[in-house]
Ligand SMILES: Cc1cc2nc3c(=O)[nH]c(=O)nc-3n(C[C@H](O)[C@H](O)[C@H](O)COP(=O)(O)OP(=O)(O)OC[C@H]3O[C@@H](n4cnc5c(N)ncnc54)[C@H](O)[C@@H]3O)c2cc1C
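Single chain ahead, written as structure tokens, the form predicted alone.
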């Protein structure tokens, strides 16, 4: 096997069976997913062949507990899987991050009966679920949700709407977060796609990420039995937060995979293209561009790896690190893909060349699961809050700094 352009040092902390999973995903990318990625990216229809392959090969199962047929993979393994997939195909990578987003609340909050009914089938890819959180006026600001669930007898009546819902058109079940009518918090409800009063809009066209379409949802007095509540009343917010936390880690891994792929393509081009009598890669300008890209990617990979370790340990500051990893990786990916496309010139702009697809796909990572600006606010607010109680820098003298 030829050496890879980017180091495999982050695999060394994985167990042998985990490393085998990563190598299995690489083989799938080499033999099937990579060669088919261009065709998948031409039309925004759900890529069933890709999804069925990931399910059949046990990759979807990494998101589910062993008790239901899954492998309960650690996040340090999951980020390696998503990075490998993102290196060639955003669709495949987003199907794995989307499984966390859409199924995590079912794993954490469904009744034992619902778990037994749904999780083994979700794990095998026989059915799908979607995550219904975002609304026209509420995305990153979960507390701004306007959809309402009111208690009615032995169940709930759900009214409202959701927007930008991935897999809505293919999902068999919808995990919906709504505000309780008495304003005591939020509730998570599991709604079947054929529920009376539920309307799923036609698929909405978008710039990139083809293969995983989005739709809007409308709930008009949709009745949901109490047995389909996820967790207790008031748990909807916490269930959503854990799903979003895992999805943010996944977005960072997908973005870094795409950035790695972009540098691999640009570096190969620099070796093939001749300019002014020399290979493009022999020119200092091209070398410096590649050096900056590779160095920043490795730094971002290290941050993401630390974040995954924090999630696996249950560290209290994992959410802030997830915001930092997601912010850094997704902004970096947009820059790297742009620079890689610039380096490849007119060829990079052709639809037949992979970087055109990478370029269109990169933008959504900066927006989905909390825009970069939101994460900057979250990180900055946390630093300001903690600085009051944190250890002072030893260079400072006693008293307020305004006395200097």
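On a predicted model such as this, the values are computed, not experimentally measured, just so you know. Positions refer to the first chain, counted from 1.
Absent from the display: the form predicted together with this ligand. The rest refers to it.
- Mapping the unseen interface onto this chain, residue 53 falls outside it, with no heavy atom inside 4.5 Å of this ligand in the predicted complex.
- Contact between residue 214 and this ligand in the predicted complex is found at the 4.5 Å heavy atom cutoff.
- In the predicted complex, this ligand sits within 4.5 Å of a heavy atom of residue 140.
- Residue contact with this ligand in the predicted complex: residue 369 places a heavy atom within 4.5 Å of it.
- Checking 123, 105, 133, 171 against this ligand in the predicted complex, a heavy atom within 4.5 Å turns up for just one residue: 133.
- When you look in the predicted complex, the only residue of 341, 40, 29, 374 with a non-hydrogen atom within 4.5 Å of this ligand is 374.
- Heavy atoms within 4.5 Å of this ligand in the predicted complex are found in exactly one of 328-336, 258-266, 224-232, 124-132, that being 124-132.
- Residues from 179-211 that approach this ligand in the predicted complex with a non-hydrogen atom within 4.5 Å are limited to 206.
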